[in-house]
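One chain comes next, on its own, written out as structure tokens in the form predicted on its own.
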């Protein structure tokens, strides 16, 4: 395992000299300047183009969520800069939708009202709000539940609603922090397929954090492997499976020799890092 911050793999072909998303020397120290200071993220350079599905994996506490929060605009870097389309990120914005591990829905609002929250807060015309709510609830299979409340939905349905709420703002980037981590195995695979279909059909850019290597290998166009805290990038590994035919069944993809080989490569990096 190298002891420098240099990634092991080449940058994917989708990234050009003018990347869509760029982390330039981004580092985060919690409590900087105090005796309790904790370095969460080493200076990090990462760039990728529009339409990429970037999956980030690594040991617990390695800075995955910290990195994502700087792009979301929730957390300013201690040093460095995050930019989208050449513009520095100064705070949250509707062009960046966020989905967390817990759905964090409004329990007093209906499914339709939850899905339409963003467009309503932005003051979009009511006709546009209704159109977006209908479209995205149909897309995630929840239109027939539009008048229900979150407590009437299963865990998987709540996460689908959280995704629909993020997508109703029509963000350019979807940021997802362990969104399927609390789901059972079958529901998780169904959600992976649903997200895969939305990404393929809309061509949006996704930054996806997960502890599941299988999930990262299946969903990502690229897998970013991070080190233990303070986090740094150990490897950037292109993955081919996300761009395969939409008719490819998830169970067949995950059973293929190529899939297993890539999964073992990523696991080897993570296990090697944990052994340090």
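Please read these numbers as outputs of a predicted model, since none were measured by experiment. Positions refer to the first chain, counted from 1.
This protein has a second form, the form predicted in complex with ligand ADP, left out of what is shown; the following refers to that one.
Undergrad: Does any part of residue 50 reach within 4.5 Å of ligand ADP in the predicted bound form? Heavy atoms only, please.
TA: Close contact is absent here: in the predicted bound form, residue 50 is far from ligand ADP, nothing within 4.5 Å, heavy atoms only.
Undergrad: Would residue 64 count as a contact of ligand ADP in the predicted bound form, using a 4.5 angstroms cut-off between non-hydrogen atoms?
TA: Result yes; residue 64 sits at the interface with ligand ADP in the predicted bound form.
Undergrad: Taking ligand ADP as it sits in the predicted bound form, is residue 60 near enough to touch it, meaning that at least one heavy atom pair lies within 4.5 angstroms?
TA: Flag for residue 60 set to yes.
Undergrad: Indicate whether residue 38 is a 4.5 Å heavy atom neighbour of ligand ADP in the predicted bound form.
TA: Yes, residue 38 sits close enough to ligand ADP in the predicted bound form that at least one of its heavy atoms falls within 4.5 Å.
Undergrad: Which of 216-224, 64-72, 42-50, 235-243 has heavy atoms within 4.5 Å of ligand ADP in the predicted bound form?
TA: It is the stretch 64-72.
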